[in-house]
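Given next, in C-alpha cells, is a single chain: the form predicted alone.
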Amino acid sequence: MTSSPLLEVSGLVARYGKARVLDGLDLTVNRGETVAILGRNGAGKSTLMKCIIGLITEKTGSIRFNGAEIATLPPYKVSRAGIGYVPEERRIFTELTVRENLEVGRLRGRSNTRWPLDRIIEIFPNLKRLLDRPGAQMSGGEQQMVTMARTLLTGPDLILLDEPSEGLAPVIVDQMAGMIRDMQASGLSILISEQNMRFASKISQRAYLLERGEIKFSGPMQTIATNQELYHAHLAV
C-alpha cells in the first residue's frame, strides 16, 4: 500500500478580484520528492505558491498537507505545520547581518533539530564568510542563499521555492542546483516554480506545465525536458 502524498492540491481556484488566475488545479508532492511547476511569466506559478502558504485567501478547493486540510489557515499556521516558503522577492532584512537574518528563522522555527546552523553552512558554504555582512551589501545570489538558509532553520518538511534562479548568473544557478541536491539528500520535499527548464531538470523528478492557470501536462521531468513540442508550446518565449 502506497503512502498518501505529503501535499495534495485538489480543484484549486484562485482569483485576484474578478480575475480568475488558477482554474481547478490538481497536483501532488510525495515525501522526499522534488516537483517543478513550469510555465511562462503570468502562468500562475507564484499565485499557486502563495495559495499554498496562505497569502491568498480568495480561493476555493482543497490543500492538504500531511493529511490535514490547510486551505483556510493563515501563513503562520501553515509554516508551523511544516511548510517553508522562499518568495521570488527574497525579502531578507537588509539592515540585519546574515547571522541575524538566520537567527530570525531559528527563533520562528519548529522544534526540529534536522537543520542546525553548522549543517546549514555545509549546504551554503559561501555564507560562512558573510555571517557579519549586512543584507544590504549582498548580491542577489547571496541574498537568495540567505533566504533559503533562513527557511531551512524553521525546520520544514516541505519547502516552496518560487523562481529561485530568477535574475541570477548561470554560474550561481549551477551552484544553487548543487545546494538543492544537498537539501534533497536529507529527505526534504521541494515544490519549485521555474521558467528555467535547464535548471529545473537538474533537480526535479516530476513536473507540471502551467499555462493561464491550468495544468496542460504532468509527468516525469525527463519527459518534459526532452519533448521539444511541449517546450515550444508552453515554455519558449
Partner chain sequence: MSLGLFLAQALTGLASAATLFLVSVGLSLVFGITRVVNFAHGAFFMVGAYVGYTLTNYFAASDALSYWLCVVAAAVIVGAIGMAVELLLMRRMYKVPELFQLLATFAVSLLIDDILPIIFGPEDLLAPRVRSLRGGIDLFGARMPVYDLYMIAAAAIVLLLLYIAITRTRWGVLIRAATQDRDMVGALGVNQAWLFTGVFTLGVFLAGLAGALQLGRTSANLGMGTSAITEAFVVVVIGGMGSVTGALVAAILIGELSALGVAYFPQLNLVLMFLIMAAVLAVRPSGLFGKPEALTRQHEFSDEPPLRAISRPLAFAAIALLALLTIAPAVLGTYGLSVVVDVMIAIVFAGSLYLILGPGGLVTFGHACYFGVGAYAVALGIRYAGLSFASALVLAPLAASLFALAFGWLSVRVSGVYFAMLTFALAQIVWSVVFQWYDVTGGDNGLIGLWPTSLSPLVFYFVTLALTAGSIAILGWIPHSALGYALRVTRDSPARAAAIGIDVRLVRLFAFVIASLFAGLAGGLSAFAKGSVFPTAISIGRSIDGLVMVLMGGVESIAGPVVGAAMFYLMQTEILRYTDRWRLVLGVLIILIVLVFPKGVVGSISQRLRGEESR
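Source: prediction; values computed, not measured. Positions refer to the first chain, counted from 1.
Not pictured, yet referred to below: the form predicted together with its partner chain.
- Its partner chain in the predicted bound form is approached by residue 104, whose closest heavy atom lies within 4.5 angstroms of it.
- Of the heavy atoms in residue 177, none are within 4.5 Å of its partner chain in the predicted bound form.
- Using a 4.5 angstroms threshold between heavy atoms, residue 129 stays clear of its partner chain in the predicted bound form.
- Of the heavy atoms in residue 121, none are within 4.5 Å of its partner chain in the predicted bound form.
- Judged against its partner chain in the predicted bound form with a 4.5 angstroms heavy atom cut-off, the residues 30, 32 and 66 are out of contact without exception.
- If you take 27-59 and check each residue for a heavy atom within 4.5 Å of its partner chain in the predicted bound form, you get 53, 55, in sequence order.
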